[in-house]
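Take a look at this single chain in C-alpha cells; it is the form predicted on its own.
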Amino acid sequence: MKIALLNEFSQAWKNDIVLRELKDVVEPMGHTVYNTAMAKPLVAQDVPEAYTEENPRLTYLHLGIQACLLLNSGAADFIVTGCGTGQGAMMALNAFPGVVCGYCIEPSDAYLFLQINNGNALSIPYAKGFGWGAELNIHTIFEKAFGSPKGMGYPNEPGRKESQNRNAALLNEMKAAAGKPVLEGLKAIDPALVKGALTQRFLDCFYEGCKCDELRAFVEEMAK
C-alpha cells in the first residue's frame, strides 16, 4: 500500500513526529510512506517571509486537492492527514469524490472507521489534545488503522459485514452523484488554489504513481 502523509502550515513542525510514528508502524508491514506534507516553517511566527517556493504555505484546502489527486489517480492508496483540530482537513478531503475521510482522535476511531466505513483517509487533530504521550496515541492509531484488513465489519456478527460494506459503497455512489466528476470539479476551483497545492513533494509522489493520463495532463498544465 502507498500511504501519503499530508499536513498544513499550522502543524508543520509536528510532521517529523507523525512521519516517524507512521513509518515505524507501516514499513515493517510492507507499506510505503510518501511525505508530501508541508516542510517546517522557517520562523516560529506565521509571516509571509517564512514561505518560499521551496516551502510553500499549505492550508487544509490544499490538502483536499492533494488527496483528491493522489487517490483518484492511483498515486496513493491511503491518506494520513490532519490540521489543528482535524476537522478542517476532514471536511476538505470529503468535499471530493473518491475520498472517504474519517475523523480520528484515538485508536478505536481508526479501527471502527476502517472496519465499518472502509475509507481511504484519516484526519487527526495535531493541536487539540496533542499533549504528553501524543506520539504514543498516534502510534497506536496507526497500529489499529493498518494492522488488519479494512472493511471487515464491526461487530463481528452474521450479516453485519455485508450490510456495512454495501452502505460504504453506496456512500461513494452518492458522493459521485451529488457532486461533479473529479476533473470537472478540479477545473471549477480557483486555479491559484489548485496551483498552490502542487508542491514539489506532492508532485514527486503524484508523478511516480499516477495511473490516470487525464489527471496527469491536468497537473502538468497547472504546474507550469
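Start at 1 and count along the sequence shown; that's the residue number. Owing to the predicted nature of the structure, the values given are computational and were not obtained by experimental measurement.
Missing here is the form predicted in complex with another copy of the chain; even so, the following discussion is about that form.
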Would you kindly say which of Lys195, Lys161, His31, Lys175 lies with a heavy atom within 4.5 Å of another copy of the chain in the model of the complex? Lys175
Is there a heavy atom of Ala75 no more than 4.5 Å from a heavy atom of another copy of the chain in the model of the complex? no
If we define contact as a non-hydrogen atom of the residue within 4.5 angstroms of the partner, is Phe96 a contact of another copy of the chain in the model of the complex? yes
Contact between Ile65 and another copy of the chain in the model of the complex at 4.5 Å, heavy atoms? yes
Does Pro191 reach another copy of the chain in the model of the complex if we count a contact as any heavy atom within 4.5 Å? no
What residues of 108-127, in sequence order, lie within 4.5 Å of another copy of the chain in the model of the complex by heavy atom? Ser108, Asp109, Tyr111, Leu112, Phe113, Ile116, Asn117, Ala127
